[in-house]
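The chain below stands alone, shown as structure tokens; this is the form predicted on its own.
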Amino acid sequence: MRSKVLGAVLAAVMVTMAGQAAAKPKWAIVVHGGAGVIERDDLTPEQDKAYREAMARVANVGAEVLKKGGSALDAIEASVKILEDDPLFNAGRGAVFTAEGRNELDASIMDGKTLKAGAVAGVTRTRHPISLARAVMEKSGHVMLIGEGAERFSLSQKLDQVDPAYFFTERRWQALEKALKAQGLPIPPRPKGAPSVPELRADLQHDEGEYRAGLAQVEKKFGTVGVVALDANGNVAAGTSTGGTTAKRWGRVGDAPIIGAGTYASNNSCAVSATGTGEYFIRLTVAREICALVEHKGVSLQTAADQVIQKDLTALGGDGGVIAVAPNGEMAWSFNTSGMYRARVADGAPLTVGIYKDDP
């Protein structure tokens, strides 16, 4: 009798475990395009649609990589490259300008399986900083390269190079002029290779990318982009890319290329990519803190993200958000601003896209 009862119990446990295993997705991906003051009244219906379509497109590109057995790192690089080419976002083409009138780009990537990481800061000629960050991780023996040295390394790796004018967008230049005037700082000459005559706001309609982005969001959001992913081998990874902040000075660098602040990944906990006022994320080591709560406190991914963003970051006076994914397939996002461009999709779970606080 006892053996029958024991057998029944073991059978029930096995069924439960089988159900849990079946519930765990084989792969998952979460993307963001920046967090900030993003209200429904700020975006026209066309702009709302454009941002949602962009988020969906990026998530689906990464998902296709994962469906075919690609690594989390491959999915992240492929997805972030699309964001870096889209002038809707403050990364790559469409990046904001420094006070000196330059586009200085930062990016980082981290592999949760090995804890290897790569980062770059102050890049001005590499078309895809996320690819350069990955090259630093896999080919250099270092973690972070900056400025001219990063550019030389990029050339040695034969990565796609562009003229700095490639990153120029009129709306970002107008945002720079506005910021510098407000600070009483001189406006630098327009970059070499940029249109010689500023385009009128109405003329932006002739450039679909800039028209879609509009001018309303320039001063109100952080356009940093990021992706976290789980692949079929159970590995997580994270990547982040940004142009920084409008009118930044003195070689300012935010959290995006700082491992542990804006980007972190470990198979023992989770993968995180952040967006927001970088100085606060650096001081709190936001990405690593979320992973530490998961690993050492045993809390859920969503609970950890909310603890750091809704409580710790808010208490310090910082603003922004994060996306995250765990090796068990759990996905999460949390932000203390009114909006964050975001999307997620997983094996067995439908695509979800959001912008505003009350979106799913």
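So that there is no doubt, residue numbering starts at 1 and follows the sequence shown. What you see is a predicted model, and the numbers here were worked out from it, not measured in a lab.
Another form, the form predicted together with a small molecule, is not on view; read the next lines as being about it.
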| message | With the partner left out here, check for me: in the model of the complex, does some heavy atom of T275 sit within 4.5 Å of the small molecule? | response | yes
| Can any non-hydrogen atom of G254 be found within 4.5 angstroms of the small molecule in the model of the complex? | yes
| query | Would G112 count as a contact of the small molecule in the model of the complex, using a 4.5 angstroms cut-off between non-hydrogen atoms? | reply | no
| message | So in the model of the complex, is the small molecule close enough to T242 to count as touching (4.5 Å, heavy atoms)? | response | yes
| task | Please determine, with the chain shown alone, which of 155 to 163, 223 to 231, 113 to 121, 127 to 135 has non-hydrogen atoms within 4.5 Å of the small molecule in the model of the complex. | result | 223 to 231
